[in-house]
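Read the single chain below, which is given as structure tokens and is the form predicted on its own.
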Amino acid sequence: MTIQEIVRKSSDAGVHLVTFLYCDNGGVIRGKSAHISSLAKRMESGIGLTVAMQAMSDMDDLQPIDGMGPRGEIRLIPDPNTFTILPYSPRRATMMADMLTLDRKPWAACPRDFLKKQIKRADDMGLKVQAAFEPEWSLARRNADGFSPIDDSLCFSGVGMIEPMMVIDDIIEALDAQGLQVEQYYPELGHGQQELTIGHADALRAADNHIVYRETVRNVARQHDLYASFAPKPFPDQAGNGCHLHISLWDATGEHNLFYDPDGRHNLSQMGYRFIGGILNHLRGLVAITAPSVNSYRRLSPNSWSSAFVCYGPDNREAAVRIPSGYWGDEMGSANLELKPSDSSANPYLALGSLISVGLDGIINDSVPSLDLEIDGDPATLPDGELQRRGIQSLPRSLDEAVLALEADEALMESLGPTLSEAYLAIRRADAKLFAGNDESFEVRHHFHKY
């Protein structure tokens, strides 16, 4: 839509505030709003934002990053293609924003632009990226001690669908109204845990959709006097909330899924296996981006169906990379890879962009993974000697360990670039230090609210 069409549509609908949304390096969704009276001007000139915002760690502690202090400003420039009136708050609308420097160029610390660069890299190779985020989240009520799950039902149970029925119906209606195609819903393993999936889309739209999804779920839940948290482990004694990343590569026409081979092992093409090889080669550093919070490492533990080892397998939910079986009648269209060690504390633009980057490296370098890394069961059940023989490494067990692995990964660091990587590493180190000095309840409380 043009600026004029957006202003007219907003005025006709009675919208008075339009928020330019972005996601920071810490995975927090933030934004600034323009009043309808100045919307046209702000869409052209942008809204000012201090450069310091991309150096904010948990609890808004500014980290000492060169060029990201109190002096300096960028502009939030909205993408008109993402305009949507909020069905749960019809006098408000949102657009996703890019970060531009004052000379109108993409800022080197803009996560959305980072994803765009990886999409272009794929385009230059004749590849179109399709992706979907598959988030889990917890519904809770506030009580005297903090928060408690809305129920203690079992995984996929009919009983588990009763308590959240009204809020789930309203969430689905709100997602539909914003153009997000809902595919499945079910109560998950943890008490009060929900999973509601939406369809795949081109890579940039998929990341934008995840921002819309998170905002919609949390807002609709509050209207029902409930709280929705996407934190990886909001309740330490319950199953963790992942956000599995699904990805596939298509030809330049968008008609042929290049991960599909009816004669390939598990119906996966050699390109698909090389993409897996790229992921596995960089996975220990990649999880610092896809599972980037201190709370993430309560979830990434053996025997928890979240993956804890560098391995892959067909329909294996304990493998870091799962090769899903295709759906009958749409085997080609449904071929994809699923990254398991990923959650919603991640910035979706950084997570998906980094996944694309390492996968393309695998294609370029012909990184076909060893059959020794293909796992049929739970790798945690294998003896240590067997894991060593097969070259199956464990994933980092803490954010500190993951950050060190990321810093040592030359390809990922080069992909992020010096500005973005320096800021990202600094805030993750600060987060690890902050929570190391506090107890479990402090960690859980602050992650519950943050995500």
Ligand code: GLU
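These numbers come from a predicted model, not from an experiment. Numbering starts at 1 and follows the sequence shown.
The protein also exists as the form predicted together with the ligand; that form is not presented, and the subsequent description refers to it.
This chain lacks the partner; the member of 210, 340, 112, 282 within 4.5 angstroms of the ligand in the predicted bound form by a non-hydrogen atom is 340. Note on contacts: among 353, 272, 78, 240, the single residue with a heavy atom within 4.5 Å of the ligand in the predicted bound form is 240.
A residue is said to contact a partner when one of its heavy atoms sits within 4.5 Å of a partner heavy atom; residue 361 fails this definition for the ligand in the predicted bound form, lying far away.
Contact check for residue 222: every heavy atom lies farther than 4.5 Å from the ligand in the predicted bound form. The closest non-hydrogen atom of residue 317 lies within 4.5 Å of the ligand in the predicted bound form.
Residue contact with the ligand in the predicted bound form: residue 215 places no heavy atom within 4.5 Å of it. Shown alone, this chain has one stretch from 166-174, 302-310, 222-230, 248-256 that lies within 4.5 Å of the ligand in the predicted bound form by heavy atoms: 302-310. Residues from 167-188 that approach the ligand in the predicted bound form with a non-hydrogen atom within 4.5 Å are limited to 188.
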